[in-house]
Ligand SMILES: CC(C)(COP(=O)(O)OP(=O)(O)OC[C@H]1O[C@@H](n2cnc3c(N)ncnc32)[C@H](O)[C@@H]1OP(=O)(O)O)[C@@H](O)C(=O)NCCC(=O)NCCS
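Before any questions on how it binds or moves, here is one chain, the form predicted alone, in structure tokens.
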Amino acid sequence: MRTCQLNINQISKVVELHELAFKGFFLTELGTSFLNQYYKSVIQSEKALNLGVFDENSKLLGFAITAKNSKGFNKSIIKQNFLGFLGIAFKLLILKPKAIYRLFINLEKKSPDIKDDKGNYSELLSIATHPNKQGLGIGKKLLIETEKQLKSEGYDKLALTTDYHNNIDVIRFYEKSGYSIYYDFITYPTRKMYKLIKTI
């Protein structure tokens, strides 16, 4: 297995793996067109760190997508790729109008009650392992390499969000990796989440 930076030519592989790994998740339900636009925007951004793990046949086994600085990241990629997102938004407005509201209400992914969260940290936006390759340490490999590369660029904190309920194994994985609970919050409409953070 090799770990390397993702590039624009690998977007379809990232989207395909996302759809396999995150069946039933909100972003997946927004459709392939949205995922293509989102990952294209992030992978092209100099403000993001995008890593993939590949096998000897160049098959994508896992990926980690990280905003180097969480503060304002999502808004910046929407602004930089406005026309692309506008087309997707128009389509969703017709087909899934509630999805547009939910997307924008959850854009910040933090609690309005947490006044000291200024977003001054890197944030792991998405990490996925191919369902058939679970248990091989791919997620851990991606997390360690992400932390290593961020640290080499001068970043000192990495945060992520994960589900609060029925998610003990994932939470334990991150805690064993040195992450601690920063706070919990609710995303629209009633999904309770943890934000975890680590000094790297």
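Predicted model, so just to flag it, every value in this text is computed and none were measured. We number the residues from 1 along the sequence you see.
From this point on, the text means the form predicted in complex with the named molecule, which you will not see here.
Comparing 33-41, 51-59, 65-73, 135-143 against the named molecule in the predicted bound form, the single stretch with non-hydrogen atoms within 4.5 angstroms of it is 135-143. The partner is absent here; in the predicted bound form, the one residue of 149, 45, 161, 28 having a heavy atom within 4.5 Å of the named molecule is 161.
Proximity of residue 88 to the named molecule in the predicted bound form: non-hydrogen atoms within 4.5 Å are absent; the residue sits far from the partner. Among heavy atoms of residue 21, some come within 4.5 Å of the named molecule in the predicted bound form.
Using a 4.5 Å cutoff between non-hydrogen atoms, residue 153 does not count as a contact of the named molecule in the predicted bound form. For the chain shown alone, residue 122 is not a contact residue for the named molecule in the predicted bound form, no non-hydrogen atom being within 4.5 angstroms. Interface residues of 163-180, taken as those with a heavy atom within 4.5 Å of the named molecule in the predicted bound form (partner not displayed): 169, 170, 172, 173, 174, 176, in sequence order.
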